[in-house]
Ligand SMILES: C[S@@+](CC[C@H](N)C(=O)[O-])C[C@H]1O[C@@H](n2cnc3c(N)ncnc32)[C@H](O)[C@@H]1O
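Shown next as structure tokens: one chain only, the form predicted on its own.
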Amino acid sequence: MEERIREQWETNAEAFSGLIDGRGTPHHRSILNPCVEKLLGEVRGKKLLDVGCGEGYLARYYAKKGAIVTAIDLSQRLIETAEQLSVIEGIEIDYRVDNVCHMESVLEAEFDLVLCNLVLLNIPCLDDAIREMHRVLKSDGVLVFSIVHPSFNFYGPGSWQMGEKDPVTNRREGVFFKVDRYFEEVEYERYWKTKDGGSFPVPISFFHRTLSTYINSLLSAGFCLVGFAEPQPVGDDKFFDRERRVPFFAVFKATRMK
């Protein structure tokens, strides 16, 4: 992994942890997390590796569900925060600072489940990361990973044409989503917003790739794609009007072939 990527997350660690707030953003809670949980299936008693765990909210969630969790992240500061939060909640998780592109601390064929949540779109080494996740899974082990949907990714080549602000939701109306140059696989740098509307200290790198690139990377590494979802919001909250019209996330489920 390039050192500059590590530095982005080290510098933004406090702002990121504040945004996640121990349980994920509204988009995570109302759209992504229910889909990820459904695709992972039963976790009780299974060894689960959370790759790119951030401040660890999903690692803690699945540990409470009975999984035996190991969690890694590139950022030392995020791992320290994750450890502190786990102590506060009384949860036992094996946290490690490690690199998804080359997981030195993880043995071959060690895990039943690998979760990689909103990580692969922020790293330059997609094929290396997919091969590593294949390596650490047992035969017939399951990988579930999520990304921001590359066809409708405003961190990449697309954006909403915005209308007036809705006084109820306090979000601007989405008139239509515009996208161009979908096939150009390039890096973008974008500032994330904090909970209070400010900007993160430094921009974050996003690597736009096509859906076919993700799928072919899985197949080349020896995975079998067994599930794919474009989750919609749970419930009828008007806040998520845009996300009911185009998919915000894409979630993949794959098994390690023998």
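Numbering starts at 1 and follows the sequence shown. In this text the structure is predicted, and so the values were computed from the model without any measurement.
Below: the form predicted in complex with the named molecule, not depicted.
- Across the options 183-191, 168-176, 99-107, 85-93, residues that bring heavy atoms within 4.5 Å of the named molecule in the model of the complex belong to 99-107.
- Within this chain, W9 lines the site of the named molecule in the model of the complex, having a heavy atom no more than 4.5 Å away.
- The named molecule in the model of the complex is approached by L118, whose closest heavy atom lies within 4.5 angstroms of it.
- Though the partner is left out of this view, V114 does not reach within 4.5 Å of the named molecule in the model of the complex, counting heavy atoms only.
- Although the partner is absent here, V251 lies well away from the named molecule in the model of the complex, with no heavy atom inside 4.5 Å.
- Residues V119, N122, I123 are the ones in 119-134 with at least one heavy atom within 4.5 Å of the named molecule in the model of the complex, listed in sequence order.
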